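Shown here is one chain on its own, the form predicted on its own, set out as structure tokens.
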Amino acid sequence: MNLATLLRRSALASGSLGAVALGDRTLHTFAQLERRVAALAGQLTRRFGLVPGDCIALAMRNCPQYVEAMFAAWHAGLTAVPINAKLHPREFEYILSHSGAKLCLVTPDLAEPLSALAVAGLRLIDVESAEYEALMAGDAAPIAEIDANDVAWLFFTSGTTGQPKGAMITHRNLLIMTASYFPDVDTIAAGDCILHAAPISHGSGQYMLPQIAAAAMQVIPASGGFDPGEVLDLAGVHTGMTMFAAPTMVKRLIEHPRAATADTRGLKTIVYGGGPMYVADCKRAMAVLGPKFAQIYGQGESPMTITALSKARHVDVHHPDYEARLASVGMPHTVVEVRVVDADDRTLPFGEIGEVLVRGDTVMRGYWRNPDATATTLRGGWLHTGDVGAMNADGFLTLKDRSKDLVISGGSNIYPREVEEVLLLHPGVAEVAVVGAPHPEWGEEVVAFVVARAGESPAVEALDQLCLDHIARFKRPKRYRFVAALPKNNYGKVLKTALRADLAAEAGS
């Protein structure tokens, strides 16, 4: 089944409902969007000579054209390659060359820098140009017949440990992801909407699918990105509004001066993921915005579908394990199996810490043109996530850290998130990141990078005492570095590799 049938179905059943909006202005109904998609799909094949299986790159900031470009690619049987709009030109060049994309749709801000890249045979089209709009005047094409295991979305990883790898996400993967949204994450009614304040090239764009399937509108902020004040304004305009957000975005939203007083009745759900939401931050977010939060844990290799913590469990304060559940990433999605294993891939007893493995119809087909990485990551038929966690007897998974972020000091494993949770209990601490630094005697020592709240100066002695009151002495940071801000990528994830590099440079100087 082709993903484009989701749009066709909603266009037939709910054609007059709004499908795409820019800020508070509706641009297209579902019937209009489906016509534009079918016409664009026809031009991609007839005018540009693309054939099913070819890659079409989308180097675009969030914009209304993103929605129709994605569905047009699938309608024509092509593989969409959405690329983070904030990458360096060299990263663009690698992804465009490695994917073999023959056509790249761009927003005006990227047209000039990408035109200078040395990518053979690549044609660029500005989606805000008259040339692009003229493509909508062509004849509609029928939805391409595809195999469910054909690649729909080539999702390139961040490449923090080397060159980015292209996870081959199939039509089947994304259809199963779409179906699992409804029992595991949230309900959607026709006429609801999703606000794409996070990049459509990643999780927010993947959540376009269940929203389209339910005839909900895609809302693009006029800013094209995340602005807390704009989100609050749009929550007063639209109804049934969902948004996907990284925890750092949630934190910025609830700290906005108008967050506590704005009319947010139109904001139905914030699905957060992509990094840890500390318990204290989660409680504060619910205190400010109400019971609107759901959490998902997924990876590019199993998009948005490993575990979920529902809105109901976020507010089940009378459950005896409430705190532990809030600190977890929830239970496995209904469409996957999740195990925690030792170094030999043997399932560990409840409560023991090991690597998280996933199996199910949402797991990628493999890595694009990289059989060795595919064999390693999917060995034994399970996706090896590289994440470290523990499963309790009730089936709730608690992540400790990425395996590469584990600190081993004196032969003992120290999980940075546990230390970070404790340090965030100090009222003067705004953000914290814990990493390991080489130590001649212990192997590694724990170093905490701390961002203080405005006007605060947390004392090292007070931070030490917090740790001694809550965790084992050996887990306590041996050093504290007070910094103005933590380095983050475009999605709000803290770049611990950069922090470790700073420490290494410091040690070598």
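Residue numbers run from 1 along the displayed sequence. Everything numeric here is computed off the predicted structure, so don't read it as measured data.
What comes next is about the form predicted in complex with a small molecule, which is not displayed.
Only one of 183-191, 127-135, 249-257, 294-302 lies within 4.5 Å of the small molecule in the predicted bound form by heavy atoms, and it is 294-302. Under a 4.5 angstroms non-hydrogen atom cutoff, the small molecule in the predicted bound form lacks Leu114 among its neighbouring residues.
At a distance threshold of 4.5 angstroms between non-hydrogen atoms, Met364 is out of contact with the small molecule in the predicted bound form. Within 4.5 Å of any heavy atom of the small molecule in the predicted bound form lies no heavy atom of Pro221. In the predicted bound form, Pro82 stays away from the small molecule, with no heavy atom inside 4.5 Å. Taking a 4.5 Å heavy atom cutoff to the small molecule in the predicted bound form, the contact residue among Leu399, Cys282, Ala144, Leu378 is Leu399.
Among His333, His196, Lys165, His202, the residue placing a heavy atom within 4.5 Å of the small molecule in the predicted bound form is His202.
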